[in-house]
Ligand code: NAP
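What follows is a single chain, given as structure tokens, in the form predicted alone.
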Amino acid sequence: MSVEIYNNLPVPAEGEAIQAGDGRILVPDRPIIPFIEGDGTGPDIWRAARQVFDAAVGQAYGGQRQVVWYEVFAGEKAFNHFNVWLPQDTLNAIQRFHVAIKGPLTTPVGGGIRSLNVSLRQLLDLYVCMRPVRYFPGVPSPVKQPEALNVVIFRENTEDVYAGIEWQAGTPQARKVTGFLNAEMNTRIDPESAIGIKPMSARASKRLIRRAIQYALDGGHRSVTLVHKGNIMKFTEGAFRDWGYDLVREEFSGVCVTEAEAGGAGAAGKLLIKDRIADSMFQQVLLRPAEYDVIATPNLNGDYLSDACAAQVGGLGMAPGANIGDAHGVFEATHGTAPKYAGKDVINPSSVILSGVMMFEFMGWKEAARLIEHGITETIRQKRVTYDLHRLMEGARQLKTSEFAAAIVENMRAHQAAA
């Protein structure tokens, strides 16, 4: 029997591959899950997160289930080993095993790949960037009522300006594009401009909005808000909004009602669909956060909005993220690599730990997910936190990254014993 090998490492024999079919994944009791530990502080937070994950699965299922971890490479570690930032074997392994988790990755400057995260999303067609933003009691916040914000952002992941179609100012390619547009399309673009193209399609927009609506229906949420800049970009972002309402009429008319139809009040038993202009939405999440629930938005708006919302509830250190396709999910820390803190065991690992919560939910292992959430909530309530929260919390005890993970495991164990 031949042994599967990716990046010169054999696949663990003791695990099984997750299978996919009919838009669903089938998870064995000992799934092989590829992980990318990440650059900079990535190894520190990955070690802490893995400790929490393994303890949660062991406690939740009494040893009947276990994650079989399998390292794959991207970023600086991949470049050092293989002289490429994103090896094809890493993509092949994620495709093969369907679920993966990663720490923060460096985006090389001045050459190489444009963005490792963007490349993973496009190459694996992970068209949903899902960012839940909620408040954990006790976390320092710059707003008076951070608990009022509890949203799940569905950001389209493959189009918009992130498609990477652009040409540098002064190059023959840029002049060729501006020359064509000026001569054939009656535009008046400076020939020495840099040029970027913003593609947005009905297919990509509808599948993103469909996932957001279905998520809201499955979870008993109140509303889905389409966020766009359609008052200015009428045929791209305006079309995103229009395609969303078309989708509601075509596929969800029996279970959804638009804000116009309901007079803004919603309808009993139906999911409310509404839309907001992007710049107005930034005010709304500050001034009227309780009115929003699930949000669907194009790529760039979603990038801005998810980070701005995270700032209201404690910052990116507390913000998980997932990139999801029809049969694959890559779960990730949403913050940067913070290389000056690498190896110092001080960084808050909550982002990648909460991304693991999303991963276990995606796998259907909800008991492990809830156990981790309880462990983090209780640890923060006890004011046992890493330096980023400690410096803003009166009476807190500062823990190292590894100590914070151990405290979460301790609180999970106590909760399980009490239950």
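Small disclaimer: the values here were computed from a predicted structure and weren't measured. Just count from 1 along the sequence shown to find any residue number.
One more form of this protein should be noted, the form predicted in complex with the named molecule, which is absent from this view; the next part is about it.
Contact residue in the predicted complex, from 276, 328, 131, 335 (heavy atom within 4.5 Å of the named molecule): Checking each option against the named molecule in the predicted complex, the one that comes within 4.5 Å is 335.
Among the candidates 227, 347, 212, 101, the residue which, in the predicted complex, approaches the named molecule to within 4.5 Å (heavy atoms): So the residue touching the named molecule in the predicted complex, by this definition, is 347.
Residues 374, 378 and 397 all lining the named molecule in the predicted complex, heavy atom within 4.5 Å: None of them does, since no heavy atom lies within 4.5 Å of the partner.
4.5 Å heavy atom contact, residue 167 to the named molecule in the predicted complex: Residue 167: no, not in contact with the named molecule in the predicted complex.
Contact flag, residue 339 vs the named molecule in the predicted complex, heavy atom cut 4.5 Å: Flag for residue 339 set to yes.
Residue 366 within 4.5 Å of the named molecule in the predicted complex, heavy atoms: No, residue 366 sits far enough from the named molecule in the predicted complex that none of its heavy atoms falls within 4.5 Å.
4.5 Å heavy atom contact, residue 388 and the named molecule in the predicted complex: Judged by the heavy-atom cut-off of 4.5 Å, residue 388 is in contact with the named molecule in the predicted complex.
Per-stretch contact check against the named molecule in the predicted complex, the hit in 23-31, 354-362, 66-74, 388-396 (non-hydrogen atom, 4.5 angstroms): So the stretch in question is 388-396.
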